[in-house]
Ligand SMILES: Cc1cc2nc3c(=O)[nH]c(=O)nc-3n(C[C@H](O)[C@H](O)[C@H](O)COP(=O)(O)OP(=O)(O)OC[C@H]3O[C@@H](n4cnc5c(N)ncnc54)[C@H](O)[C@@H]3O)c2cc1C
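Below sits a lone chain in structure tokens, taken as the form predicted on its own.
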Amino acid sequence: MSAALWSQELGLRPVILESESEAGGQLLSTFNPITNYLGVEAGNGTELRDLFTRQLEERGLRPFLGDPVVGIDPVKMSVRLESGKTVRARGMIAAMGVRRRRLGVSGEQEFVGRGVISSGKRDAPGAYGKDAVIIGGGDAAFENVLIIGEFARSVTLIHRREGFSARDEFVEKVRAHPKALIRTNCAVRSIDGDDRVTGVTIEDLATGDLARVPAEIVLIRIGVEPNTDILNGVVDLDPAGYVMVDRDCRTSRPGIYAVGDCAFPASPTVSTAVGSGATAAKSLHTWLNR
């Protein structure tokens, strides 16, 4: 949205292609208040998204929704959509964002909505009086232990390693929480149940022993991965799949730029997304008028 706004500001004619049925990306799954975007505060991600889309609509900028890009031709500078349509342009800005990383175990998808939840903030009241398992070792995992711990009977955090990437303040609070238990050096091998989740099977990575942890609520927070599959072979990606860009958001392919979370994993924030969107638009404008 930032790239489109700045492209128009510079006299270009942007076309916004959005694969989902509504714009917003990760903002739509952000249920906490947003207080760290300079100059603006919002009750949640959707509220901030609405502010952004309203500004675009006032400029006549409306995204084409629900028609994913399935192919990119960097020579013809064109994209092919799932509907069969082709869109040609003089330049492209990839703002594909990220998705939550999956465990890839049985039960993970089958029990979505039947014990496997997607948001601690939104779904925590449903954990009242139940046993919960949270998988991960970063800030999000530990923060959700504290959120769900307000309602659940118990919360077990399971992490593959001994150490954590979470901030010390979160780790200390969880260690001191009367309902929380931390199990390290363990990997989840399956999410089990019948009609609903009844527990998870974990493996002790030191001994190989399997154990069952009873749970009625499971939340997975093992990080994110970029939505850049469609760019593989089109521009250079790093080993984790993030687009490699220079300080002007230029990729390895002239005329193609990348912004936001899919290109800046060190700072996946609204501020970075907005700033890099403006940078890419200005860089593209300069390239087109070289």
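What you see is a predicted model, and the numbers here were worked out from it, not measured in a lab. Start at 1 and count along the sequence shown; that's the residue number.
Below, we turn to the form predicted together with this ligand, even though it does not appear here.
Visitor: What is the one choice in Arg161, Arg100, His177, Arg167 with a heavy atom within 4.5 Å of this ligand in the model of the complex?
Guide: Looking at Arg161, Arg100, His177, Arg167 one by one, just Arg100 meets the 4.5 Å heavy-atom criterion.
Visitor: Tell me which of 89-97, 102-110, 188-196, 205-213 has residues with heavy atoms within 4.5 angstroms of this ligand in the model of the complex?
Guide: In short, 89-97.
Visitor: Is Pro68 close to this ligand in the model of the complex, meaning a heavy atom pair under 4.5 Å apart or at it?
Guide: Contact check for Pro68: yes, within 4.5 Å of this ligand in the model of the complex.
Visitor: Contact between Asn32 and this ligand in the model of the complex at 4.5 Å, heavy atoms?
Guide: Yes, Asn32 is a contact residue.
Visitor: Contact between Leu237 and this ligand in the model of the complex at 4.5 Å, heavy atoms?
Guide: So Leu237 does not count as contacting this ligand.
Visitor: Going by a heavy atom distance of 4.5 Å, is Pro14 a contact of this ligand in the model of the complex?
Guide: So Pro14 does not count as contacting this ligand.
Visitor: For the stretch 111-148, which residues lie within 4.5 Å of this ligand in the model of the complex by non-hydrogen atom distance?
Guide: Read in sequence order, no residue approaches this ligand (within 4.5 Å, in the model of the complex).
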